[in-house]
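Before any questions on binding or motion, here is one chain by itself as structure tokens, the form predicted on its own.
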Amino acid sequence: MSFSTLPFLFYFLPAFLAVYYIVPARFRNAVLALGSLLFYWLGAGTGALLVLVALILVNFAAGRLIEDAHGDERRAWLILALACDVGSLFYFKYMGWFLENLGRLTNTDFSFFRVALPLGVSFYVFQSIAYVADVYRGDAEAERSLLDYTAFQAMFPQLVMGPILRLRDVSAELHMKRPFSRAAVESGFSLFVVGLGCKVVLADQLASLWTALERIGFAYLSAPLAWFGAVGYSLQLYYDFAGYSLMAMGLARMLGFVIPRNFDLPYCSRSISEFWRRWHITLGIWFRDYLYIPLGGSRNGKRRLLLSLFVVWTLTGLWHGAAWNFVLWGLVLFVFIALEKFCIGGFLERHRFLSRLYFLFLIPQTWVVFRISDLGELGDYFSRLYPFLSSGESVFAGDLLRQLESYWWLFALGILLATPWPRRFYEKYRATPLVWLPLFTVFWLCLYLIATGTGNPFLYARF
């Protein structure tokens, strides 16, 4: 069950919306809660659903207990809730990786340990942590209704891949009747179609480029094709995840909620630091509010700032996956963000053109580290990005031209849509045929591509 599948588009979504708007307004949180759990069960299975329900019950109870307790008892309930949340995430996502590395160090076989990763666990665990932390700090009132809390925690538009919500983001809408609004449904569906197009027309079609590079073998790519592939994957990842986020925003708007934007034209940035304020915004805010600032942030000197950045970016890497390339990816980002804060930030601020070149040169390389889990293959790929630094292999110098024939239009469209102009055009003309007619065409093109089996799973769903 995914937003870009025919069962969701033609069965689940219409049936859910019909029930949601037919029932009296006071029952809509119940429909949202039960419908979201059904959505998750259809996509993730019974075992994953039990994990989600268990964490909902634990954090709902913890919120109530924290709010009603005093002094050290409040802290004890918070620690217990965090232990359940973090312990669950570690067990399902990192225990296998931890035992694998421990086995290599101790020459012990831990292959007996196998556990399935519940769909979206990284997202909803972080949302749970934010909830109990906000209640403890007095930034939010604990939910007194289990049904309302379940509707917030399991809201299906953002359950599997975010945005990571905090209760204050949706508290007002959660506790109001949310009457049917034709304007909200129309604008929400338009936003959903934009996201669907990003996913199906761009991300899914670009996915075959990386598959072609893997088939050729990273050690046998020409340098131009290696760079072309890095840029292609950068666009694929962006339109896959940003497309999902737009669909989530659109669906939430159809249900009467306004959830935070998760992407703000990140490829228009002029530094790595700025990029990470524009990419996966809710995750960045989560790490800022619940880790970076509590660690001291920039308030306690340069050493504490470096320590805070190091911890945040190491854990940001690990949040994305239990593999060494994600740790390396987080450390690479830490190094460049630290350089920008202490050394080159002023230069980048003064030289707009050079700062854009610096950013556009670096960011595809960081995504290569993110994408390739085998460190040997990662080394092969970078040896082709910089063939003058290694002996390399003999390659076909014209291999780029073969790929350009298939992908040039996707690159052109992807680069154009990553700029501010399409958004401005959409906002200005969204009520006119200049927008809704292309959206109508995109929607039916997406249905055709989905029906012919050219779709791919969402990349961030595995996190």
Partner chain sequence: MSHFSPLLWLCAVSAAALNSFTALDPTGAYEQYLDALGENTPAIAAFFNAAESGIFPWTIPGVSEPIPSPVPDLLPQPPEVVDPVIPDEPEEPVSQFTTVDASYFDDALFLGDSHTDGFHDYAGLSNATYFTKNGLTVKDAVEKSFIELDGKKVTLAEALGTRQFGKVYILLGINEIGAYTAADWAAQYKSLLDLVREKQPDAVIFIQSIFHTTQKKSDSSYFKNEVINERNAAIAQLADGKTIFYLDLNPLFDDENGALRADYSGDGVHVRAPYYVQWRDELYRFGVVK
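Here the structure is a predicted model, which is why all the values come from computation and not from measurement. Numbering follows the first chain given and starts at 1.
Beyond what is shown, the protein has a form predicted in complex with its partner chain; the following relates to that form.
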In the predicted complex, does each of Glu186, Trp436 and Trp444 have a heavy atom within 4.5 Å of its partner chain? yes
Heavy atom within 4.5 Å of its partner chain in the predicted complex - the one residue of Gly87, Gly217, Pro179, Gly301 that qualifies: Gly217
Going by heavy atom distances of 4.5 angstroms or less, which of Leu167, Ile164, Ala230, Val193 would be at the interface with its partner chain in the predicted complex? Val193
Just to confirm the contact call: exactly one of 279-287, 167-175, 217-225, 363-371 touches its partner chain in the predicted complex at a 4.5 Å heavy atom cutoff, so which is it? 217-225
4.5 Å heavy atom contact, Glu67 to its partner chain in the predicted complex: no
Partner contact for Glu340 in the predicted complex: its partner chain, 4.5 angstroms, heavy atom: no
Hey, in the predicted complex, is Trp409 touching its partner chain, heavy atoms inside 4.5 Å? no
Tell me, yes or no, whether Glu274 is in contact with its partner chain in the predicted complex, where a contact means a heavy atom of each within 4.5 Å. no
Sequence order please: the residues of 398-428 with a heavy atom within 4.5 Å of its partner chain in the predicted complex. Asp399, Arg402
